[in-house]
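Quick setup: one chain, the form predicted on its own, written in structure tokens, and binding and motion questions come after.
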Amino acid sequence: MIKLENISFDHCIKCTVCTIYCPVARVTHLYPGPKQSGPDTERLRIKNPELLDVSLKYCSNCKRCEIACPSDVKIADIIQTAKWRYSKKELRIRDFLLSRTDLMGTFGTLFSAIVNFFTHLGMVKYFLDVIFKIPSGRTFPNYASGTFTKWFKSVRKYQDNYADKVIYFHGCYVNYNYPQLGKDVVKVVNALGKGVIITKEKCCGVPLIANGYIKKAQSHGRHNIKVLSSALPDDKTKIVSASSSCTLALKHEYPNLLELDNSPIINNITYITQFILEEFEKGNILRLKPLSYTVAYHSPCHLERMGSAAFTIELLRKIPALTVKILHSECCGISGTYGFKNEYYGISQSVGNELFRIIDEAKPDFVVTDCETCKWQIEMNTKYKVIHPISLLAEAIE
């Protein structure tokens, strides 16, 4: 049955610009491109679900096809929906574990010293490669010794001193791997004269979607919509996130892919750099000290899909003495859990090679990007440290 509200594939004019722009199709013959896997074969799948194109699995859901499409066809959504609606369900322990970020994060932070030590051992990597099909060449992010939510309890009472508040959707990466970024967000928001509220959020659902656990992702989405909307003191309060993928999920994946009603929060959600720039425009400007760095900025795919990369670039340019080199728009290749799977690891690395080359040519002091998985991929494949733009801004605050 065709849903009349979901026939954007019929707007495809077959210009093939999405295929030209697709980073996966560029490096492997195994994927014919988003036009064929998306709009072209969706018409056939509707008539006969058995006409499944196995190349669907190679789509990394980077959304670059949707960025390029002149007809606003939701190509990546069509492909992801078809991938999990028509494919045979297979239980894979690897995919289960990669998608359960709250479960693995809770365990990882409790035993961070042990987990971090063993996941960097060659013998353990070999075991994960053979048994779980997680490539031995992949570097795992370290777990923190404590969560961001635990740290936030120590500063929660101070947030009540501010009349205006911001709800912060911190995400799994900040909570379990890098609480410092969350601390930097709190520092910047407080410097703007606003308090921070956090909720009992769950994973945004992006890893669950990527691994086919759609019902679980819907459950997480419904929970997040409920707790975020309940925490809103008024219609003007913003819900901010410093993760490009989390923001995309809250704004776009929930209604378009998971078919959830996010109307209670949609008008309040904004990416953190856009929120800060809007405050600057209102005259609420931070006093910033000069930072004499040369940085290379990489715009993540999901941030570009939302059209928000320009806000980060503009914010970086407001830091005195900072030299910003804007890198040519290239996918880093990791695409969340995509680059943690043996069958896609080679493709992931090939996709990112051009970006790694451009970074090396730029010779920055370090790289700046808004995406946590882009950070992992770039740090694994180059010699440069990668930091978030908000951490850079926090350093510049006087």
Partner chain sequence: MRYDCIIIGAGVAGLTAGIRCAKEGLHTAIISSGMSALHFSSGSIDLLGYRDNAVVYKPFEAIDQLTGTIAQHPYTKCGKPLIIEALLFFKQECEQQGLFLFDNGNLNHFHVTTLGTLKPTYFSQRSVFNEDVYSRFKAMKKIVIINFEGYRDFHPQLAAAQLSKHSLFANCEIVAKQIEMPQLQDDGKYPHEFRSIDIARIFEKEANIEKIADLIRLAAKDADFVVMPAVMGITNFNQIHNKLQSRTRLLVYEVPTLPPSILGMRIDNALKSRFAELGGVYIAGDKVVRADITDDVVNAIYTNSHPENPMEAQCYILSTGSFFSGGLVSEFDNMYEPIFKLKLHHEPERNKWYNQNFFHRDSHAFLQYGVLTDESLRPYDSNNNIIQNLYCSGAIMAHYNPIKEGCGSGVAISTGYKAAGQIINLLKRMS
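The shown structure was predicted, so the numbers you read here are calculated from the model rather than taken from an experiment. Residue numbers count along the first chain shown, from 1.
FYI, the form predicted in complex with its partner chain isn't displayed, but the following is about it.
*Asks:* Within 4.5 angstroms, counting heavy atoms, which one of the listed stretches 27 to 35, 332 to 340, 345 to 353, 363 to 371 is next to its partner chain in the predicted bound form?
*Replies:* Result for this chain: 27 to 35.
*Asks:* Answer for Leu277 alone: is it within 4.5 Å of its partner chain in the predicted bound form, judged on heavy atom distances?
*Replies:* Yes, contact at 4.5 Å.
*Asks:* Using heavy atoms and a 4.5 Å limit, would one call Asp234 a contact residue for its partner chain in the predicted bound form?
*Replies:* Close contact is absent here: in the predicted bound form, Asp234 is far from its partner chain, nothing within 4.5 Å, heavy atoms only.
*Asks:* Indicate whether its partner chain has at least one heavy atom within 4.5 Å of a heavy atom of Asp261 in the predicted bound form.
*Replies:* No, Asp261 is distant from the partner.
*Asks:* May I ask you to state whether Ile67 is within 4.5 Å of its partner chain in the predicted bound form, using heavy atom distances?
*Replies:* Ile67 belongs to the contact set for its partner chain.
*Asks:* Note which of Val227, Leu192, Ala310, Leu291 lies within 4.5 Å of its partner chain in the predicted bound form, where distance is taken over heavy atoms; exactly one does.
*Replies:* The option sitting close enough to the partner is Ala310.
*Asks:* Its partner chain isn't shown here, but in the predicted bound form which of Arg85, Lys200, Arg317, Arg287 has a heavy atom within 4.5 Å of it?
*Replies:* Answer to the contact question: Arg317.
*Asks:* Are all three of Val17, Tyr21 and Lys251 close to its partner chain in the predicted bound form, meaning a heavy atom of each within 4.5 Å?
*Replies:* Each of the three qualifies.
*Asks:* Which residues from 170 to 191 come close to its partner chain in the predicted bound form, meaning a heavy atom within 4.5 Å?
*Replies:* The stretch does not touch the partner at all.
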